[in-house]
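Quick setup: the structure tokens below cover two forms of a single protein chain, split into structure 1 and structure 2.
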Structure 1
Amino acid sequence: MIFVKDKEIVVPGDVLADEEYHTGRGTFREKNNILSSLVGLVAIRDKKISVIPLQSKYIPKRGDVVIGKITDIRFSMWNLDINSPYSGFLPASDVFGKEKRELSRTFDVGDVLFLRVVDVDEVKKVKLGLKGRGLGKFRGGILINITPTKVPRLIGKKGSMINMIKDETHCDVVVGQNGVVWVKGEPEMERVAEKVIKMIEEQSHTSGLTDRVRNMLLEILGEIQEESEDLEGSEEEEENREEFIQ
């Protein structure tokens, strides 16, 4: 028997199900019941029950694509903040091969890169790489941080949610699996995208989210269009007034 619903918020110690179910992430078994070990959302898949933490830092895994910011330059590598308890490093050899070059002329402190996790060793040292389609340095744009576990909800089924944001705001949007999102477009549209992305993060556990996001986009973009038309009307009236005076 199960005592909770899918996507229900639970806290440590809440009883989720009995022995008919299997324990997943964020749960433990006590006697004949399965209990939650953290604050999060229930995820039920067949006979397995898990709890996804509401707030969490990114735990790197080999093959993930991430967005990182360079924090330091060493003799043979760049160190990057990847929104994780563990920092990442990009070896110079991955960029230059056997050539010797000044690292800061290629990437400097503060630069934002789109990378792949190449390896994570036993002490959580995260090796990053730039080999792959679309990987490299971002130019301009803004960064938005969300809880890494909310990334699938932001992307949506077959990219439906993120594509809606791209289409309506005409912004380029890249989502790292570490919960860092890069957005580039007209400054006003960047702010719209940021507002919508933050709303998705806050309400990711609720149903009907896609419709609310669509309505929110239509409402905000409609207001922007009205303001633009009012401004154009005011400028036209001012031009007509000046012509009349002349």
Structure 2
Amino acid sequence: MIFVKDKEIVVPGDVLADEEYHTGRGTFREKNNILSSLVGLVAIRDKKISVIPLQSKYIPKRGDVVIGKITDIRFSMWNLDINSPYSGFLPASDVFGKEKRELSRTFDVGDVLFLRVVDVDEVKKVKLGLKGRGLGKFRGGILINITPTKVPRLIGKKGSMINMIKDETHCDVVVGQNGVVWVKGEPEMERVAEKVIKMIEEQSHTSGLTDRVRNMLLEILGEIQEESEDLEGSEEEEENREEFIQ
């Protein structure tokens, strides 16, 4: 027996199904029933029932890629805030090997890095590493925080959503599984991407989101184009003319 519909909003303590079903994330079993432990959307896959939370904190998992901010430098490691109840550390040896070098010359407090979670031990110490493609320090760009559980929605099916943002704004976008997003492009376009990403976060639980995002992008970009045409219309004409001459 199931008592809820797919994608229905439920709250903690709501009874979702009976023992015929299996407990997925965001649920727990009590006696013969499966209940929700979160505010979220019901997701039914075969006989497994889960609740996708609408709000959550990032809990580090080995293998995840995250965006972290250096908060402190110790003798042989950097401490990082990874937007989680558990802070992370990057051992100096991961960067320098056996060589002894001054840590702050490489990465300083306030630097933002793209890292991989190498290990999470029993006392929740989160070991981070930089070995892997694309990992390292960010230069320029802006940071946007979203609820970590909305990361899959931001990326979209096979990256459809994130690629649309990249294509329309011509920005680089890197998404950490901890809900931190880095965007770099023309400053004006960075803010457009920020607006769109915030909108996706807010409306992640609604359907038809991809179309709305596309419309929003086209609308904002259209406005910007009009503005710049008004302002620089004559200049552009001039440039075009030069092209013809060439």
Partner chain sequence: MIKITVESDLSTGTETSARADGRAFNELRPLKISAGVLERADGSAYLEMGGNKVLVAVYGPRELHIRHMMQPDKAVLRCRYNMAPFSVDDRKRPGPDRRSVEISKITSEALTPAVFLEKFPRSTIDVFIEVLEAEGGTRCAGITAASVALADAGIPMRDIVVACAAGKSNGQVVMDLSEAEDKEGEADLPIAMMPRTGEITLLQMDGHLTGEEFERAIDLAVEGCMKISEEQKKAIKERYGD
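These numbers were taken from a predicted model, which means no experiment stands behind them. When a residue number appears, read it as a position in the sequence of structure 1, where counting begins at 1. For the two forms, the rigid core is made up of the largest set of C-alpha atoms that agree within 1.5 Å on superposition.
- It is structure 2 that shows the chain in the form predicted in complex with its partner chain.
- Once the two forms are overlaid on the core, residue 19 shows a Cα shift of 3.2 Å between structures 1 and 2.
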